[in-house]
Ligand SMILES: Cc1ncc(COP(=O)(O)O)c(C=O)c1O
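Before any questions on binding or motion, here is one chain by itself as structure tokens, the form predicted on its own.
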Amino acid sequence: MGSLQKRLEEYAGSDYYPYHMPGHKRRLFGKTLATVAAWDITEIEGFDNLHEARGILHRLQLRAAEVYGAEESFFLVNGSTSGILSAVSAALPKRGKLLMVRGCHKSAYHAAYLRSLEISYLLPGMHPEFGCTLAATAAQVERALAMEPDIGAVLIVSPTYEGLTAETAEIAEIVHRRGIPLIVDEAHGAHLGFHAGWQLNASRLGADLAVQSLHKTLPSMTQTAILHVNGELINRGKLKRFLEIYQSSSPSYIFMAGMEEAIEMTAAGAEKLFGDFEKNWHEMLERLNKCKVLHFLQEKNMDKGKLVIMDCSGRLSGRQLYDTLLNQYHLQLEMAAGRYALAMFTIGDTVEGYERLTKALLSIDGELDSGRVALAAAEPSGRQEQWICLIQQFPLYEAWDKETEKVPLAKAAGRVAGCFIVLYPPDIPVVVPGEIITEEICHYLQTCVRDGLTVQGMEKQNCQLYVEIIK
């Protein structure tokens, strides 16, 4: 047995509970997840071809479109990343202008780079208590389009990584009045629209293109996603061309069988699956609302399933909360930010999963309330606070190809970034090539590293952090 197989087998047999992706929560939903090798084939006779689907795969995608309320849907075996790349590339010509939320996944920036797009940013602001990015509003989009009438497409994120949903229907109406398409990164919303207790999905709210990660919130394997298209503003032939470019020419039939099963099982069992989800979710929140020190993000536009946890006393940073739950309680959360930690719940969760996290958080809250937890060494960082300092010197498509050099982060203020600096998770850029690195950004990055957050795009040499800047 290989070392990776051994580690995976050991973890699968442990008592660590997964409050993170994928949505199947390591439980065997149906035959696909239980049967792997026997179904691992290629494009043989009778099994169709994803990139020119006319048979069984064509029928499966038609069924997916029916379930999600789209005109046409495409299976993605390279994750939502391939869907975002394809959607942005098809929506705009080379050198076109894209209005996008700054908090987009890095794949949106990669698409802009590959198509030499000019980018304008929507900056929805930050939550005053938790420090997470808010979702885009219709008023913000309308103002941006009025100021820049040459924008050719709009890209928003809904739900956000923390579960905040945008005013998608209103935004779609505003965007369509100008005759341009709306792309929605709905990677965290594959579960939306199946049950009356949840919001509608982006396709039903007017999006021209919507990308969903099935694996994030449905019982589907990691790397499975879907792209929905509606209306006449998107050239379908061009979209298919880019899907073929950005996806593997050998798509996994195990992935596609799993996607079919996840969609069908969720649609057929929606009443019970989401009914149980709602019952368990609200019972947990009711118990957690008794916490005196721990706060939980609860907004009107909040999607169920994202539990954002913060110590309002400031004694535990997001990373410390994350580590405490992992090391003391064997509960693996999705991510840690400066001020908060994030747990994800899906239809795959068990009653035990809700109970274990609830008891752990009540216990931690009791410790904090009693004063038995020492103060944190320093004020933890927030999320994306540096965006208020955004200064672009060169467009991305020019900057990323320029010659660079490495300098200590402490000496980088005033210089122009030559590479992406990304917080992972959720793979959202802090700095984009071509932007000036300010003193505020330097301080923010140092704080993120100090807090134990994973920052990609910097390296440590001789106890110093180094970044790539343009010569």
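Residue numbers run from 1 along the displayed sequence. On a predicted model such as this, the values are computed, not experimentally measured, just so you know.
Note that the form predicted together with the ligand isn't included here; everything after this is about it.
Any idea which of 77-85, 91-99, 168-176, 131-139 reaches within 4.5 Å of the ligand in the predicted complex, heavy atoms considered?
Looking at the partner contacts, the answer comes out as 77-85.
Hey, in the predicted complex, does residue 110 get a heavy atom within 4.5 angstroms of the ligand?
Output for residue 110 is no: heavy atoms all beyond 4.5 Å of the ligand.
Might residue 154 be said to contact the ligand in the predicted complex, defining contact as any heavy atom within 4.5 Å?
Result no; residue 154 lies far from the ligand in the predicted complex.
In the predicted complex, residue 187 touching the ligand (heavy atom, 4.5 Å)
Result yes; residue 187 sits at the interface with the ligand in the predicted complex.
Contact between residue 322 and the ligand in the predicted complex at 4.5 Å, heavy atoms?
Residue 322 lies outside the contact set for the ligand.
Which one of 191, 228, 215, 339 is close to the ligand in the predicted complex, taking close to mean a heavy atom within 4.5 Å?
Only one listed residue qualifies here, and that residue is 215.
Have a look at 105, 204, 115, 295 for me and say which one sits with a heavy atom within 4.5 Å of the ligand in the predicted complex.
Here the answer is residue option 105.
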